[in-house]
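Before any questions on binding or motion, here is one chain by itself as structure tokens, the form predicted alone.
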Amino acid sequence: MNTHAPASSIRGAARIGAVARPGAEAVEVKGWLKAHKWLLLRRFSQLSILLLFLIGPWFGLWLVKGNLSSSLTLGVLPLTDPFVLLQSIAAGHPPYREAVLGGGIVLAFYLLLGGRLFCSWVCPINIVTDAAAWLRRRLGIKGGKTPHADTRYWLLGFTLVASFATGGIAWEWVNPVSMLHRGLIFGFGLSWGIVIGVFLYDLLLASRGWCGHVCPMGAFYGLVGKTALLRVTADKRSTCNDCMDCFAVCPEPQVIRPALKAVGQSHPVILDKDCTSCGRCIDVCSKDVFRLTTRFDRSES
């Protein structure tokens, strides 16, 4: 009886284990801190922004009033989610001058730097869906029913039609971002039910289902940042060892292959509008294949 498994089986098992814990090799090569640099920066950004909104109702220190849909900072700077502004216009409500100014500021920022930055650097629901993805990998949960990639765009259109038909900002009725804010301020209730529902959906039913296939806000910001300046490049793709860790952690893994494997393009820059510029591919790559740059940097090492 042969007690020795074939080398190919051993390599296959090792690869499965590596993908279940992506970034393990990067930690060994680069150290834990460098292998989690972009993740830690994103969490700092997300939690800091969330705290700015919460210290008012929690501690009476009103640096920022409102929420991510509409806010006023230090009583001077208005910021408005352009997706909310668009729904308001569709609902037949002429926006206030401050709302238009705030929406213009936010829109200009994401047009320049990338719309999906909202999803990975600002949106607190990203913490929830990242936690679901991490736990899904650790538990080895496979399969599920993932919606079509265009579902979020259909929902984007539906929210505008619903706003027009009802005269209200339709997405705010179920928006998990707003629900998370309300839950943290007012305590447990329906708001937390929606947030938990998003977590369970990504954990049990569809890998990266919410942010990658359902959320119309992500669809909107993807369209906004289609020609944005900030991009990730795989300029050292010749050193790739096909460990698949970048695909395992990427919230939009379909954006990697064209740049990494030169499929449909010759340059190494990820230009897909769905890339969130989260930097996790940079973190988990032990070969330092990826880095953050601009869309005009087509150099390759």
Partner chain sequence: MNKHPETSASSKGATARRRFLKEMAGAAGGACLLSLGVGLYGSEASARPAAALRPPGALEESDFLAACVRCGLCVRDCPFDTLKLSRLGDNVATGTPYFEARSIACEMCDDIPCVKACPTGALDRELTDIRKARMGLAVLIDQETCLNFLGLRCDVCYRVCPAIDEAITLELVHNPRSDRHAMLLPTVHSDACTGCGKCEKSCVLPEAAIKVLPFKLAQGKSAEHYRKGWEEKEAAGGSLIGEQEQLPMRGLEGRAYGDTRVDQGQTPPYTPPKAPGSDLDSGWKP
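This one's a predicted model, so the numbers in the text were calculated from it and none came from an experiment. Residue numbers count along the first chain shown, from 1.
A second form of this protein, the form predicted together with the partner chain, is not displayed here; the remarks below concern that form.
Would you check, heavy atoms only and a 4.5 Å threshold, whether residue 174 touches the partner chain in the predicted bound form? It does: once the partner chain is placed as it appears in the predicted bound form, residue 174 has a heavy atom within 4.5 Å of it.
4.5 angstroms heavy atom contact with the partner chain in the predicted bound form for residue 123: Close contact is absent here: in the predicted bound form, residue 123 is far from the partner chain, nothing within 4.5 Å, heavy atoms only.
Going by a heavy atom distance of 4.5 Å, is residue 187 a contact of the partner chain in the predicted bound form? Flag for residue 187 set to yes.
Looking in the predicted bound form, any heavy atom of residue 227 within 4.5 Å of the partner chain? The answer is no: residue 227 has no heavy atom within 4.5 Å of the partner chain.
38, 103 and 119 each touching the partner chain in the predicted bound form (heavy atom, 4.5 Å): Negative, none of the three is within 4.5 Å.
Please name which of the stretches 227-235, 107-115, 135-143, 159-167 has residues with heavy atoms lying within 4.5 Å of the partner chain in the predicted bound form. Within 4.5 Å of the partner lies stretch 159-167.
Going by heavy atom distances of 4.5 angstroms or less, which of 155, 198, 206, 180 would be at the interface with the partner chain in the predicted bound form? It is 155 that has a heavy atom within 4.5 Å of the partner.
Heavy atom within 4.5 Å of the partner chain in the predicted bound form - qualifying residues of 59-98: Going through 59-98 in order - heavy atoms within 4.5 Å of the partner chain in the predicted bound form - the hits are 62, 65, 66, 67, 69, 70, 71, 72, 84, 88, 91, 93, 94, 95, 96, 98.
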